[in-house]
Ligand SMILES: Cc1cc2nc3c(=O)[nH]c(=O)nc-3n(C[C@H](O)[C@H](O)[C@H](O)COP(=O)(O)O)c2cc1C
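Single chain ahead, by itself, as structure tokens, in the form predicted on its own.
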């Protein structure tokens, strides 16, 4: 059924359709009856899928990646759809419109997306008020809420630490964990913050605040283009500043092995990213062993893809592009299929499978 619906949706501008989908999900989130219908159709729950990491409980290991719900307008609907976690954003300290349109492109032949959105969002203050109202209306959320943070475009790179810190301060009461996004290719100069010295300055400011405040887990999201030597430099800082985990990876600027001839700037997500994302995961796991959780992102479309990432050492995974291509029943299929794979291989639960085939 969704494939038929998709054939119609894909005739229209991707960002227009995205806005309509978000408007619909926002409406559903305000109506308990609609949420119950979505849950009945889309969720698959089993206690054996539960994962516990950095002090949080995830009902299943498949979360929504940042970028879909930038402004936290549909959080109850994501939980109803069966996601094990929701990551909003990227949120910047200052509201910003993002890059000029068009800035979102489909590559159906590759099951991929190119975006150069540019952190378009309502800003930390507005999103904090929205989350406060959500807490008032719903109480505690059904799944962990991650807040992905980016740098405001107008903020000079030299003031990036203060810009990120402002967002942390404003959103501190509402986030279950924060993600420091220094790896989007769509904000000029942002990836320079992955350089060791600049990253050390940024993490020092944020970790110092979190040590003094009611600390929330801080994760770091890295780019797929980093060499393994650059990743190893970053890992030194991860332990120095007590980060809770790594998210690997963001979108890629590479255009290798694409069937589509579309020539647009921006970050590529979807199936073409799968092999590099998996390679980065395996390197991270080899370096970290089980000392730090890894969330794997990039090209995850099937239960087998989820299982491959988990046994390779990811504690959790996230999806984005596959939701666009596979539709609202994706989470039911992924979690049902994952449980079947776990049972097939004799694991008692998903925790037992995590890292079982990781490199030594």
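Numbering follows the first chain given and starts at 1. All values reported here derive from a predicted model rather than from experimental measurement.
Although it is not shown, the form predicted in complex with the ligand is what the next lines describe.
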Quiz item: Using 4.5 Å between non-hydrogen atoms, is residue 319 touching the ligand in the predicted complex?
Solution: yes
Quiz prompt | Residue contact check: residue 297 to the ligand in the predicted complex, 4.5 Å heavy atom | solution = yes
Quiz prompt | Contact label in the predicted complex: residue 89 to the ligand, heavy atom within 4.5 Å | solution = yes
Quiz item: Taking heavy atoms and a 4.5 Å cut-off, does residue 77 contact the ligand in the predicted complex?
Solution: no
Quiz item: With the partner absent here, would 60, 145 and 315 each sit within 4.5 Å of the ligand in the predicted complex, counting heavy atoms only?
Solution: no
Quiz item: Just one of 119, 83, 178, 164 has a heavy atom within 4.5 Å of the ligand in the predicted complex. Which one?
Solution: 119
Quiz prompt | Partner-contacting position among 293, 67, 328, 29 - heavy atom within 4.5 Å of the ligand in the predicted complex | solution = 67
Self-check item: Interface stretch in the predicted complex with the ligand - options 264-272, 168-176, 127-135, 228-236, non-hydrogen atom within 4.5 Å
Solution: 264-272
Quiz item: What are the residues of 96-128, in order along the chain, with a heavy atom within 4.5 Å of the ligand in the predicted complex?
Solution: 104, 113, 115, 117, 119
